[in-house]
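Okay, here we've got a single chain as structure tokens, the form predicted alone, with questions on binding and movement later.
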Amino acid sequence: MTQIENANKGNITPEMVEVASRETVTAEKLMEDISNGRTVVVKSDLHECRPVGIGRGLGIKVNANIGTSVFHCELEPELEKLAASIRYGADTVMDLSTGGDIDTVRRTIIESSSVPIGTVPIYQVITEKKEIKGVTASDFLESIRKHIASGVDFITIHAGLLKEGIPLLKDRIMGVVSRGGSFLVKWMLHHDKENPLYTEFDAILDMAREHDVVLSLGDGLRPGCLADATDSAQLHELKVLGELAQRSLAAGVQVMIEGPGHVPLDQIKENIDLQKKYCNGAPFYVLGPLVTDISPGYDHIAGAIGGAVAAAYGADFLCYLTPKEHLGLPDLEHVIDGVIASRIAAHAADIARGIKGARDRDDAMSRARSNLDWKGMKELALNPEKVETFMETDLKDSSEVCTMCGDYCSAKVNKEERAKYSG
């Protein structure tokens, strides 16, 4: 039985117990939220990995994207990115490979990962078929079946993008920026047929249920620039996703909803509220969102700003961006920067949402800073290696002060004076 099916019967599974032990909710509360679709536990029964809870009352989770491209097909760099993503705190990793031996890459990543792995099966169809005229509905289903059988824990399915939504794109600047979404629009226009991921959704549910794979309902019409945000095309798809989410729950399949990419800061709350309304509180998985379009090279920062605000208002799952977003395939350091930026956003939102214990590490850092405890500061940092690198060059006078303030360091002065007024 799936997590939902167990929850509906009042059964607390080992995965629920494990997730609850790392969160601030009871297993009983977790079971209730899984049953009503407000929370998912991500873990296929084919993959030996740590189950991850995403949803109401839980800490905000972070996803890192890796994967080959037609220009960079080697497996080893992607395994290094996988290891770094996990080491620096990503809760899940998506393999978005489009180059090389995609099946081998996916299987190896799954076997090497201690965290849940997600994929977008339609990418493999695009890569292998190349010509749209030769792609059939069966090709889409076969790719989904193959990915699920290989042990992926969640899959992105762009099933809410319908033919009737395509005319709503006419006034957009960026059109369709989702790879899967653009391919499906091209397929529907060429074949003059409805999206097969929508028409064959029941078959997809059957496949997902078999191994308790979470469906991440993709936003194929997400805005790719601020000017396109919260438009009729995006909202049309969102409403369809809400309907599909209800069908998923009724079928015993866990589901989450993917959210917009580029959204002005003042529209983020509206986007969260609309998703929760149309999708009955299902977990919300957001890409960023990016709050400006002019930050190439620093999109991980723009995304972290949007992610922190979105999560504070109710988003549950942040997909990282790297400094290479919009520019190229990220390397190892870009992946690390992306993970850390999104973890900062997620942690800030956990504090804002009042997650019990979320601020404990911050308070410990404050005490370490107050006491000029540089070793403690390094150990409490999200990226201790970077802190150590700076300490090696910037700590002076037997590690008492750094090169910024020297003897004028307020912490040093306060530490000396505190001994007087507290004594």
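Sequential numbering from 1, following the sequence displayed. Keep in mind that this is a model prediction, so the values were computed, not measured.
Below, we refer to the form predicted together with a further copy of the same chain, which is not included among the displayed structures.
S.K.: If contact means a heavy atom within 4.5 Å, which one of 328 to 336, 104 to 112, 202 to 210, 272 to 280 is the stretch that engages a further copy of the same chain in the predicted complex?
M.R.: Heavy-atom contact with the partner occurs in 328 to 336.
S.K.: When the contact criterion is heavy atoms within 4.5 Å, does H236 count as touching a further copy of the same chain in the predicted complex?
M.R.: Judged by the heavy-atom cut-off of 4.5 Å, H236 is well away from a further copy of the same chain in the predicted complex.
S.K.: Any chance N11 has a heavy atom within 4.5 Å of a further copy of the same chain in the predicted complex?
M.R.: The answer is no: N11 has no heavy atom within 4.5 Å of a further copy of the same chain.
S.K.: If you check in the predicted complex, is A84 within 4.5 Å of a further copy of the same chain, heavy atoms only?
M.R.: No - in the predicted complex, heavy atoms of A84 and a further copy of the same chain never come within 4.5 Å of each other.
S.K.: Is it the case that A381, even though its partner is missing from this view, gets within 4.5 Å of a further copy of the same chain in the predicted complex, heavy atoms only?
M.R.: Judged by the heavy-atom cut-off of 4.5 Å, A381 is in contact with a further copy of the same chain in the predicted complex.
S.K.: Go through L162, V135, I305, L249 and name the one with a heavy atom inside 4.5 Å of a further copy of the same chain in the predicted complex.
M.R.: Of the listed residues, the single hit is I305.
S.K.: Indicate whether the candidate residues A27, C49 and A64 are all in contact with a further copy of the same chain in the predicted complex, with contact defined as any heavy atom within 4.5 Å.
M.R.: No, none of the three is in contact.
S.K.: Heavy atom within 4.5 Å of a further copy of the same chain in the predicted complex: which residues of 4 to 26 qualify?
M.R.: Read in sequence order, no residue approaches a further copy of the same chain (within 4.5 Å, in the predicted complex).
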